[in-house]
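Just the one chain here, laid out as structure tokens, in the form predicted alone.
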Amino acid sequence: MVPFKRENAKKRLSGMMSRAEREEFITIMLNDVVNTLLQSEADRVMVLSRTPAGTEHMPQEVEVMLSDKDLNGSINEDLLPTVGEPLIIVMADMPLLKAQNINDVLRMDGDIVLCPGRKGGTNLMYLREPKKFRTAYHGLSFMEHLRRAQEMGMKTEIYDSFYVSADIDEEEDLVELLLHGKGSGSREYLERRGFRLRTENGYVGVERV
């Protein structure tokens, strides 16, 4: 399951991208994530979205579920109570994700597997019994999810991977995409829009020309 929000997405990139560009960019990142999932050992791929916008051109085998609630409301009220099989929740802004990451997580033994983002978020979550858990995304969600799982006595495992941790939220995150995103539609989009790496005083950043 890939939660997806297109409308006015990625506000922290507004210094380098217009609203229309940010909405186009998150849609391309979603496509990268979905294509990676389709190459993995996952049985089904679904996108959870507030509106159809941005999901119109999903591959035929991808299901689209609509919910007008916020992220946690959509997952906790509309999704988890209905799922009777193991579930992986993957964020839509992870264009460096590899199919092998998904396969590795699927082979782990935990009741829950948590994959931390670089700033305290939860970029990927595996639930063996989804109906028993409720998410708490936003803020330091990784620590909150870990606490909830431990209080529930769930066998908890952590899968730590650079490719999973590298979600694209801020301008500095674009550095990782330009460095490591070869072959992805997301990096190609940045390059078409004039983004490139810049080195100044020993530090690497991004500029747009």
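Note that residue numbering begins at 1 and tracks the sequence as displayed. Note that this is a predicted model, so its numbers are computed, not measured.
Although it is not shown, the form predicted together with a further copy of the same chain is what the next lines describe.
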Complete contact of Leu140, Ser161 and Thr199 with a further copy of the same chain in the predicted bound form (any heavy atom, 4.5 Å): yes
Contact stretch among 26 to 34, 52 to 60, 141 to 149, 66 to 74 - heavy atom within 4.5 Å of a further copy of the same chain in the predicted bound form: 141 to 149
Residue contact check: His180 to a further copy of the same chain in the predicted bound form, 4.5 Å heavy atom: yes
Close approach of Gly120 to a further copy of the same chain in the predicted bound form, 4.5 Å, heavy atom: yes
Distance check, Arg12 to a further copy of the same chain in the predicted bound form, heavy atom within 4.5 Å: yes
Ser165, heavy atom within 4.5 angstroms of a further copy of the same chain in the predicted bound form: yes
Partner contacts for 163 to 177, taking a further copy of the same chain in the predicted bound form and a 4.5 Å heavy atom cut-off: Tyr163, Ser165, Glu170, Glu172, Asp173, Val175, Glu176
